[in-house]
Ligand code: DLL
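First, one chain by itself: the form predicted alone, in structure tokens.
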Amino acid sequence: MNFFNPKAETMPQDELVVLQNAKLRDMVQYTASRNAFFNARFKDAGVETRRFRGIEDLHSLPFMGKDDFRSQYPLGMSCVDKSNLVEMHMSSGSTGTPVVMAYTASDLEQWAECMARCYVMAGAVEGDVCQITPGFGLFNGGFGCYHGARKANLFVLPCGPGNTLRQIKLAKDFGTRVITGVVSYAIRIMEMLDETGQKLPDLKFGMFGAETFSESMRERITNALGIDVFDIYGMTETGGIGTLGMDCPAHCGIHVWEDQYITEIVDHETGKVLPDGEYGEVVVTSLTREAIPVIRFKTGDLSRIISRDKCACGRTHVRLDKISGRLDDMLIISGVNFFPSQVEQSLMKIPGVLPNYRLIVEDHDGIKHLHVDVEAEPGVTGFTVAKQLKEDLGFTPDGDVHAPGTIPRAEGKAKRVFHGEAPAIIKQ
């Protein structure tokens, strides 16, 4: 079995709870004493921080959200002096006030530890060539993958996104064994390999984050590239990619690093904590971050707790189900609520349908309609696609089947949903 930190990753649940209680009490005291924002929030919620007992009082703490990060931009939530900050990243959104995450040296070490655990859990060993395809910039993806790869003593190819032919050449020349990125870029690599008749014989693992993807998409990538595909979890607010965890080779849920974070599943509307097994919104509390910790942060992600039992991989940390969608991504068409990932799951069932697709939400006199564009091999008809979508979603959207390579691609994270006008189909 592969562990980066065996003691932490296999800690019995009763010991994890004791550790979480101690760290949570310290974190509440720390944030209340170091930052006016946190102190005021606790007081407004009637929380007496000196009497806070730990996990049993967790429900008494107020929730946080993205709006808090935006209202406190840039460093209003920082618990350390600016002179102690060494790095920052922010959300990849292009509009509005960004969400900023600042880091102390200790925070970067914590991030690297979490990411290194993910690399080793996937099967990476010291000296393995790791090709990093997310960008090295304000978005945290590239740097998070880098910090963790250095911690795990991997040989880093810091490629960043794009220039896929060069990416393939480098992977072949250096013998890339593990690749990191967004899942839509894995699709682009698949397409380019197919077009050029090449293979990547040394590639064994792919760690993909920042985009939700269906189990069917995982199978497509696994079969096309001949690799094990891992779903890595983390976000700007928790400290970046991989901070929360990843699924293991057993692929039976996302292990959340419980010595670093407490995870709750709550009803989005009422805030009530839901029992294990029920779907709800993922809420996260950081236990070890210094600069900008989060306490009961509402992520907007929908999932459930699968198990707290020891996994077949030997890890003891709680397992979350695959993120089924984000609350702000939910679409309501013809009275049906669904997520883009459900459309993807449906499309991937159809033989000959390719992984590149897009959803266009159109407003006709106040009534929303859904148009689905999908690339497919010759022989796939619009009737076939419509029939499958009707069967899985409960209504039939409009749509068109296009030749391979005609739906425009985006560098980095794929844009799957358009409201109104979308880029024109590429003429061949």
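From a predicted model like this one, the values you see are computed outputs, not experimental measurements. When you see a residue number, it is the position in the sequence shown, counting from 1.
Although it is not shown, the form predicted together with the ligand is what the next lines describe.
Among heavy atoms of Y233, some come within 4.5 Å of the ligand in the model of the complex. The shortest heavy atom separation between F139 and the ligand in the model of the complex is within 4.5 Å. At the 4.5 Å threshold, heavy atoms of A210 reach the ligand in the model of the complex. The closest non-hydrogen atom of I241 lies within 4.5 Å of the ligand in the model of the complex. Candidate site formed by T10, E113 and R315: none of these residues places a non-hydrogen atom within 4.5 angstroms of the ligand in the model of the complex. In summary, the region of this chain contacting the ligand in the model of the complex, judged by heavy atoms within 4.5 Å and restricted to 318-326, 150-158, 194-202, 348-356, corresponds to 318-326. Checking E290, E264, D301, E344 for any heavy atom within 4.5 Å of the ligand in the model of the complex turns up a single hit: D301. In terms of contact with the ligand in the model of the complex, the residue from S91, T104, Q260, S184 that brings a heavy atom within 4.5 Å is S91. No residues of 383-410 lie near the ligand in the model of the complex, the criterion being any heavy atom within 4.5 Å.
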